[in-house]
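Have a look below at one chain only, the form predicted on its own, in structure tokens format.
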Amino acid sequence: MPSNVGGCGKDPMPELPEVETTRRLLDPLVVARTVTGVEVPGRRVLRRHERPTDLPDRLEGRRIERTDRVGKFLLMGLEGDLTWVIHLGMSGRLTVVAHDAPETPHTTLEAAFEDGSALRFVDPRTFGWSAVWTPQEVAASPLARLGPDALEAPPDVEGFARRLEGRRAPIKSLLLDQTVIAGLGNIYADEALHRARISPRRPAGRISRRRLGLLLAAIEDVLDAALAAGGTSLDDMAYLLPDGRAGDYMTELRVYGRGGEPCLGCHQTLRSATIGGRTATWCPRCQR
């Protein structure tokens, strides 16, 4: 059965906008293509399979029927009721090239198509993974434990309040919990909390429904803006679009990565601290 280690935790980049942007760009390049060969230069990418041969055995000869995404997971529906799952980890990206194109450094997986093109999974830090699962394996995987998707199926205020009821953990930590709401990571949680004027340290169960409504609206606004910009490519350029371009949302960030700089709203110095093992940045004046 697929391991759930790291599946629903607090994974960093790429987050929902980066995965969804990748899906949208890949969709016309891979749907209706048949996989004719699989190469796995990096065996670590297969670690969600008990038998590493399962992925190439199940993938070769299959036609990709659709692409999808849930949370931070990219999904491709294959003929025969199989699902190709890709998690980009910290530094993964996907690109479509000619199968005989020069080798791309840090390629961990390559799937060749019948038209001479190939999908390459490039992952310098090797935290990403890929698997081809049966319906039964999907049902036993981290996918089955994800909360509502932050973009496609966000909870309403009452549903969100029920998920947070009685929770003493800081709201920042629970926004990163993929079983509460799926798709957010450090960047967009910080940005949404700033827009909603909620401190990342505030106990989640003590936030009023009015404020939760503001937070849900802020999450929607941030994700929409990030998608329009192609996601966020940080200074290390670990995330790039499939065509090699950088995501432009970096220039729109209000708080993430700006600790010690002035708040763009009130000019108070932004504060950073570790909350639940992750760095949070916020304005102590705007987000009380």
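Small disclaimer: the values here were computed from a predicted structure and weren't measured. Numbers follow the displayed sequence, beginning with 1.
Form predicted in complex with the DNA: not shown, discussed below.
Note which of T126, T95, S199, T83 lies within 4.5 Å of the DNA in the predicted complex, where distance is taken over heavy atoms; exactly one does. By the 4.5 Å criterion, the partner-contacting residue is T126.
In the predicted complex, which of the listed residues (L215, L151, M90, I207) lies with a heavy atom within 4.5 Å of the DNA? None of the others qualify; the residue that does is M90.
Wondering, does H99 line up within 4.5 Å of the DNA in the predicted complex on heavy atoms? So H99 does not count as contacting the DNA.
Is the gap between Q178 and the DNA in the predicted complex 4.5 Å or less for some heavy atom pair? Close contact exists here: in the predicted complex, Q178 approaches the DNA to within 4.5 Å, heavy atoms only.
With a cut-off of 4.5 Å between heavy atoms, is R195 one of the residues that contacts the DNA in the predicted complex? No, no contact at 4.5 Å.
Close approach of A139 to the DNA in the predicted complex, 4.5 Å, heavy atom: Because no heavy atom of A139 falls inside 4.5 Å of the DNA in the predicted complex, the answer is no.
One stretch from 113 to 121, 154 to 162, 168 to 176, 74 to 82 that, in the predicted complex, holds residues within 4.5 Å of the DNA by heavy atom: Looking at the partner contacts, the answer comes out as 168 to 176.
Though the partner is not shown here, which residues of 34 to 58 have a heavy atom within 4.5 Å of the DNA in the predicted complex? Sequence-ordered list: R44, R48.
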